[in-house]
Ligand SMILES: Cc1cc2nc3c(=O)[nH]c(=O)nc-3n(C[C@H](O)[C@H](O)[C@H](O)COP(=O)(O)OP(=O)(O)OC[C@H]3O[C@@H](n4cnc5c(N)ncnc54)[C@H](O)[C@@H]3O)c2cc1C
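Presented as structure tokens, the chain that follows is alone, the form predicted alone.
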């Protein structure tokens, strides 16, 4: 089921809740691996090709279905900074908030003033940004089951020409280091970077540990590690979701064996897989 705006999302979810129909909500699906057998619940996709963005001074109201890069472009075009480092990051605003997406030491939680959410009972209410318990690639929304309907961001004025230059530089950097998913199907970075509280002592790129552990040499069926980035898996010709899943397990094991570090996955798995990397159940979302 497709929902492109807040009203359609609210109506759809309330109907499913009323009818007690099992469902799972996704956004753009850029960090989602779906099992080869599919799923046996209703999949609701909250995604809009056209941005739903309202700007009032430095305050921006945006639908959770809006593509994150469309939000960045709208802000930069108006000379507003605060999300520029998110340039080129795939996915929707809703997904970015749930996972506190960002880059270069900045994340969307830094500028989130409040968020409109819906809970499992169909109630809709506002939550202040500081109450979402943001941390590195984390928020309380990952456990609470609340759905991001829309968000209000507090940005700040900046030189538009400078922002445009920064954005183009970031997009060029991503093109250089990351695959074009249209030609080389992938789900982005598989694992989170290593956090300061871990045995690594400070946050470091998971890709470095993977490369040092020899992950680039690993392959399962049609799935292989991207030659330019050891934290990205490409699903090549004949590749399956299970191939990608199994390869991710081998990558994590390689780092565990070499550095005694347990990588935490950043991607989501949807459906049935042999064994989740960090969960005992064989079925999870």
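Positions refer to the first chain, counted from 1. Computed from a predicted structure; not experimentally measured.
Missing here is the form predicted together with the ligand; even so, the following discussion is about that form.
The closest non-hydrogen atom of residue 129 lies beyond 4.5 Å of the ligand in the predicted complex.
The ligand is not drawn, but in the predicted complex it has a heavy atom within 4.5 Å of residue 148. For residue 103, a non-hydrogen atom is located within 4.5 Å of the ligand in the predicted complex, even though that partner is not displayed. Although the partner is absent here, residue 178 is a contact residue: one of its heavy atoms lies within 4.5 angstroms of the ligand in the predicted complex.
Annotation: in the predicted complex, residues 25, 46 and 137 each come within 4.5 Å of the ligand through at least one heavy atom.
The stretch among 88-96, 159-167, 206-214, 74-82 whose residues place heavy atoms within 4.5 Å of the ligand in the predicted complex is 88-96. A heavy atom within 4.5 Å of the ligand in the predicted complex is found for one listed residue only; from 218, 32, 241, 252, this is 32. Interface residues of 164-194, taken as those with a heavy atom within 4.5 Å of the ligand in the predicted complex (partner not displayed): 174, 178, 179, 181, 186, 187, 188, in sequence order.
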